[in-house]
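The chain below stands alone and is given in C-alpha cells; this is the form predicted alone.
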C-alpha cells in the first residue's frame, strides 16, 4: 500500500484506491517468505500422514497415521504405555520386595521406606487427602456447614493424637477395615441442665486442666454428672479415652468437632454415629475389604501415614 502521489515509475498496482491517495502495489512477496509458506504446507501434509488426524465421516473412523519409520502407528495410549514401562522397570525391584514384607519390616529398611513414602504420596492424594487434607493436616469444615457437620472432616494425621492408636499395625488395620466409632445420644438420659453442666465441665477440663475443673465450683455439677453417668465407661475416669473403643481423649485440647459450649452440648445431646438425625457423622470407609486398594497399596499408605510424623512405636 502506498501514497498515490509518491508511487514510483511503472510499478503495477491492483487498481484499488482509497481516499483518492492510497493504492495497492501488485508486488510479489519475498522468495524466503514463499519458501517458508511452501515448507509449512508440506510439513502439514507430512504431519497429517504420520499421526492420527481428523475423523472421516464416511467410514465412521479416523485416519490412524503411518507413524515414524520403524515405530508403527502412534497413539497417546501407546506413548503412555511405553512411559509406564520405563517407570515400572525402575520401580520393579522395590515393588517385588514389598509383596513379602510387613509394614513394620518396610519401616526397618530405610531405602525401601523412602521409596514407599515417595510412591505413596499420589495414593494418599487420590484416596485420603479429600478428608484428611494434603500431608495429613486435616480439613476444617466451617461457614456454610451446619452445627452437626462443623469441625474436622477427619482427624489430623501428622500429630501424635490417635483415636484407635498410631502403631504401624493399627494404622494398617484402620485403612484395611475402616473405622466407625459411636457415641450414644444423651438427650433421653440426661436433662438439658445436666448436659449444660457436663459441657462446661469438659470445656474447663480440657482448657484449664484437671485441677481447675475439679476445684472450680462453677463446674462441680458437671463433674458430678460426668462421673456418675456413662461418660466414664468410654472416656475413663481420667477422661483420657480408650483406644480400643476409639473414644476421644478429652484432656489433650484436640477437638474432633466444634469446641464451643454449644458445639459440645450438641455432641453430648445427639452423639456421634448414634443413628439420630442430628448426630455427628464420623465414618472412615474401608479400603481393603471393599477392594478399593490392594494389599501392597495399603501397606504403602500405612507406612506413609506413619512417617507423616505421628506414628507410635509398637
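Just so we're clear, the structure is a prediction, and the values are computed from it rather than from any experiment. Positions refer to the first chain, counted from 1.
Omitted here: the form predicted in complex with a small molecule. The next part is about that form.
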**Request:** Find the only residue in 119, 135, 113, 180 having a heavy atom within 4.5 Å of the small molecule in the predicted bound form.
**Result:** 180
**Prompt:** Where, among 240-248, 105-113, 74-82, 88-96, do residues come within 4.5 Å of the small molecule in the predicted bound form by heavy atom distance?
**Reply:** 240-248
**Asked** Is there a heavy atom of residue 254 lying 4.5 Å or less from a heavy atom of the small molecule in the predicted bound form?
**Response** yes
**Message:** Taking the small molecule as it sits in the predicted bound form, is residue 67 near enough to touch it, meaning that at least one heavy atom pair lies within 4.5 angstroms?
**Reply:** no
**Request:** Find out whether any non-hydrogen atom of residue 231 is located within 4.5 angstroms of the small molecule in the predicted bound form, and reply yes or no.
**Result:** yes
**Prompt:** Should residue 284 be counted as a contact of the small molecule in the predicted bound form, where contact means heavy atoms within 4.5 Å?
**Reply:** yes
